[in-house]
Each structure stands twice: as C-alpha cells, then as structure tokens.
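Only one chain is included here, represented as structure tokens and corresponding to the form predicted alone.
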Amino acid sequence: MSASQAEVVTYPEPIEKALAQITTLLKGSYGLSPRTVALLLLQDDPEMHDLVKEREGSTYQTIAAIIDRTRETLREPVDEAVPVARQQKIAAIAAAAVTETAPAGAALADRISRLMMNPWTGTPLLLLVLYFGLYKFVGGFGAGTVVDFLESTVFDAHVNPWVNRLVDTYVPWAAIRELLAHDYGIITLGLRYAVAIVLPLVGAFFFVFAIIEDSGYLPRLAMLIDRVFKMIGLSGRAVIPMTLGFGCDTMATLVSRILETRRERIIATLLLALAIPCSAQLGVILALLAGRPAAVLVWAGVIALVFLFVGWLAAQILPDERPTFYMEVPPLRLPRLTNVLIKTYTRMRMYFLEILPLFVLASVLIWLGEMTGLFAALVQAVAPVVRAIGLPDQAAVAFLFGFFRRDYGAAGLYDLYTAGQFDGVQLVVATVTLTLFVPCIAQFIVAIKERGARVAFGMFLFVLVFAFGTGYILNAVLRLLGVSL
C-alpha cells in the first residue's frame, strides 16, 4: 500500500473537522504524525494531553476548546465513534481482500445470535434460560433432589444422630458437646450447611453458568441489556460483574474495576450489595420457593423492581456522562462438556475450600455467643424488626447468620421453612428481605477497599434500612390484598 493510501480511515465529519484544525495548531515534535496526536487528544489520552500542554504553551487552550466543541457536536462519544469507524474500514478491506467459506451451520448460528440480541426475541429467550437453567435445574433438581437426599437421608437420618450420640457418650464437657454437635455444632450445623445445602446448589448453578459462558451467550446478553442498563447509569459492560455476582458478590465487586467511570463502579457496587444474590443464596432461595411459581414471580418481580429503581435513583444522584459501550461478539457455539465439567469442578472446589472454614468459624462464633448470652441478646434485639415485617422471632437467627455469610443466612431460612415456620406470604417476605439484606463480611471488606470506608458504610446503612423497609411494605401489601402464595 502506498503512502497516499495509508490513511484509510475516515471518521464522522465533526471529528475530521477537529483533526484538521488541531493538526494545523501542533508545532511540537511528538514522534507521531500530527493526525495521530490529534486523535489521542480527542480520545482523552492523559499522557498526550500533558505533552501537548507542555510543548504548545498557550495554544493548548485553543486545542482544548476545539475538543470540547467536538464532543458537544457528536451524537456519540469519541471513544465509541473512533473504534466503530476503524472496524467499519477493517471490515470493508477484509471484504474486498478475503473470500470466506462459511462452515456448515454458520448461517443458522448467525440467525440465532441476532435473535438473542434483539429485544423482542432476546427477552423471551432470556426468560427461558432463567426458567430452565435456574428455576428448574438449580431450584428443582439441585434443591428438590440433591439437597433433599443429602440433608434428609444422609445428615438428618444418619450423620447428625450418630454425631450427637458419639459426642454425648465420649465428651464429658457440655460446652464442647455444644461446640461440636446439637443445634449449633460445627458438624451438625456448619458442616451440614456447607455440604448438604450450599454445595449442591452452588454446583448446580456453576454447571448452568459454565454452559452459558462456554456457548458465547454472555456477550449477547450484554448487548441485549445495554439499553436498560443505560437507564440506571451503567452500560452493557456491567453485565460481566452483575453476572459474576450470581456466583460470588465479593469477586464481582473486584471485577467492577473494568467499568470506565467511578460513578459506574459505585452504582455497580451498590446494586451488587443490594439486589444480586450470590450463587449459594440464590440456590437456597430457589429451593425454598420451588413448587410455588407465584411466589417465585413475586420474589423475582420485587428484586428486579428494586434493582431498576435503586439504580435509576443512584444515576440521578450521581450525574455524569452517559456511559459508552462496545464489545466484540465471539461466535456462538455448542458448549463442550469437558469445558463445562472442568469449570464446574474447579469453581466448586475453590468455593468449598473458601466457605468451609468460614462456616466453621460462624459456628464457633455462634457457640461463643450462646455461651456468653450475646447471641440471645442479639436475637432479642433483632426480633422486633423481624416481627414488624411479619416473620416469627426465630427468623432473627437467620438474619444474624446472614451477616456472617449470605448463604449461611439463607440456609437458616431453609431450616425454618422445613420446620413449618412460614406460610406462603412469610416465605416470600423472608426471601425478599434476605436477598436485599446487607452484604456478607467479605464483600463489605472488599467494598471498603475498592470504594473507600465512607462510601462502603453509607451503602451498608442504606441497604440495611432499605431491605427491612421493603420487607415491611411487601408484607403489608400482600396481607392487605389477601394474597395467598
């Protein structure tokens, strides 16, 4: 290609006009062509701005004014317009120079891909994925089959009675017996929660997530929900931390670093802390609501409404530029079973190694609280708030568990439900409130590290009040309408 043909990308007219004006003003030497320097300036490259400010002197103010005018004139951000124009030119060159033979099935895959990203067809497809992937597989198979077997047949019928008898026979100290077994023992509560309730549900979720991930559906989901996310101050890129939040909110809070602005990162962190249940919590909640489609719809509707309302409210309080978004969409493909199984096993193993010590620690802390009377005092302090949202006093224990770990608290609700402590309305109110409840200690610590103590504590207090406030309103509305779930 000759030198006259080298500059092949033509940008939108306002950018081309700005490039022409800026290049005539540049007098310094930068080791790059004036057009490249001007492009970097338009895209807010900080190092280039510093260099030009140093080498051009007062002329820099004129250049800055041109950049500001260009941004006001453009319909889209420069950071979006420039790569789009380049990709269009690349596609045109490739089309003229390369002949592709589409593999068998490529046309069908392309049509399915477009259907996934079209709001009219993509939304029903997303609902099908949620229904069969989460509700039926995680909530139905994971909870209805695996958890029932492990908890009822293995732990309740064999492991726990055997451990209780063994401890009562060979351990002479009552305090140690209570630490190891009975109501809040490390084995009978902590290990049972981890192995019989949480791990199967997490495994079922990770299996579904690995299939979604390996198929290439996630980038298409990002494109689908970009328009909705723009309303709450985010872009489609936020689908990555939000989706990861369904695996672990702590990790998702760290991954929110990929978002472009501080405003987006704050909004994403708030929504992760408030309205995105982690995989174990989501699995237990689906297990609780399994067989109650109306209850699932109420729970999902309230959580979705809270997600959108709080996101919109945060976007109004934290005004900033409209977020930009563009993403490479990989080819759609059939998931490979080996990939799915390896990812599922690896994530389950990492998760189990993480939660088992924490569940043991939580059991020890609860034991200490029981021995000192502090736990009973905390339950008594929380009980009036729990009663205000229409739940029995025993639910206060689950919310205290939830502060240690969200999944630990959800497992506590599961125990109360299987003991017949909830009616349909109480079950929905409990699951909604616990879903919105304060983040676990690990997520809270990461939020302090990533967003600062002031922002993290402000979020904590807001989430605490908002969760119980939503539970109170939901209980009042359902009771007033005479809804039976």
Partner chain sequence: MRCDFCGTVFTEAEARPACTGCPLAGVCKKRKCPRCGYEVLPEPKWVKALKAWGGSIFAGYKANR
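Please read these numbers as outputs of a predicted model, since none were measured by experiment. Residue numbers count along the first chain shown, from 1.
Omitted from view is the form predicted in complex with the partner chain, to which the following refers.
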**Prompt:** Within 4.5 Å of the partner chain in the model of the complex: all of Tyr131, Ile232 and Val438, by heavy atom?
**Reply:** no
**Prompt:** Which single stretch, out of 261 to 269, 350 to 358, 224 to 232, 298 to 306, brings residue heavy atoms within 4.5 Å of the partner chain in the model of the complex?
**Reply:** 350 to 358
**Selected contact from Val146, Ala85, Val255, Ala109, since only one has a non-hydrogen atom within 4.5 angstroms of the partner chain in the model of the complex** = Val255
**Prompt:** Which listed residue (Ile211, Leu274, Ile240, Leu400) meets the criterion of a heavy atom within 4.5 Å of the partner chain in the model of the complex?
**Reply:** Ile240
**Request:** Please check if Lys343 has a heavy atom lying within 4.5 Å of any heavy atom of the partner chain in the model of the complex.
**Result:** yes
**Request:** Using the partner position in the model of the complex, report whether Val446 sits within 4.5 Å of the partner chain, counting heavy atoms only.
**Result:** yes
**Prompt:** Can Leu318 be called a contact residue for the partner chain in the model of the complex at 4.5 Å between heavy atoms?
**Reply:** no
**Prompt:** Using heavy atoms and a 4.5 Å limit, would one call Pro335 a contact residue for the partner chain in the model of the complex?
**Reply:** no
